[in-house]
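Take a look at this single chain, the form predicted on its own, given in structure tokens.
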């Protein structure tokens, strides 16, 4: 094989090494669920506490004899600003706004999840 052919083959391999991961990334992002997330679901002890729209700013105080969490909806994002749990992981979690994202406070058994009011076709088929 001549040097010219070898060099050309090297370029082809290098281009393929960049294109293949790029194609996988494009396929991944194209397959993601792009439905509009417009609500937040709050569960306490595996029971739905409430479902709230993301476009209305509000504070939801979850309080009883064991838990004390403050969930804040602001500018289309949700975060937990206060909690009486020891580790405070839920308070330090960044705000969420995309469908499927969650903030979980394990000690207080609180789950905050972004949901969509649209019915996903895949979810409909799997039920």
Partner chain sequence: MTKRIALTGIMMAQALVLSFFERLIPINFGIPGVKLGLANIVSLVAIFILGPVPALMIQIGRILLAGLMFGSGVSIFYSLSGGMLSILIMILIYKTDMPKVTIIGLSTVGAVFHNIGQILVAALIVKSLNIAYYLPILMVSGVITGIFVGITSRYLVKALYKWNMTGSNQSGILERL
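Note that the coordinates shown come from a computational prediction; the quantities given were computed from them, not determined experimentally. Numbering follows the first chain given and starts at 1.
Unshown form predicted in complex with the partner chain; subsequent notes refer to it.
Residue contact with the partner chain in the predicted complex: residue 77 places no heavy atom within 4.5 Å of it. Though the partner is left out of this view, residue 81 does not reach within 4.5 Å of the partner chain in the predicted complex, counting heavy atoms only. A residue is said to contact a partner when one of its heavy atoms sits within 4.5 Å of a partner heavy atom; residue 89 meets this definition for the partner chain in the predicted complex. Contact check for residue 50: no non-hydrogen atom falls within 4.5 Å of the partner chain in the predicted complex.
Along 4-24, a non-hydrogen atom within 4.5 Å of the partner chain in the predicted complex is carried by 5, 6, 7, 9, 10, 13, 14, 17, 18, 21, 22, 24, in order along the sequence.
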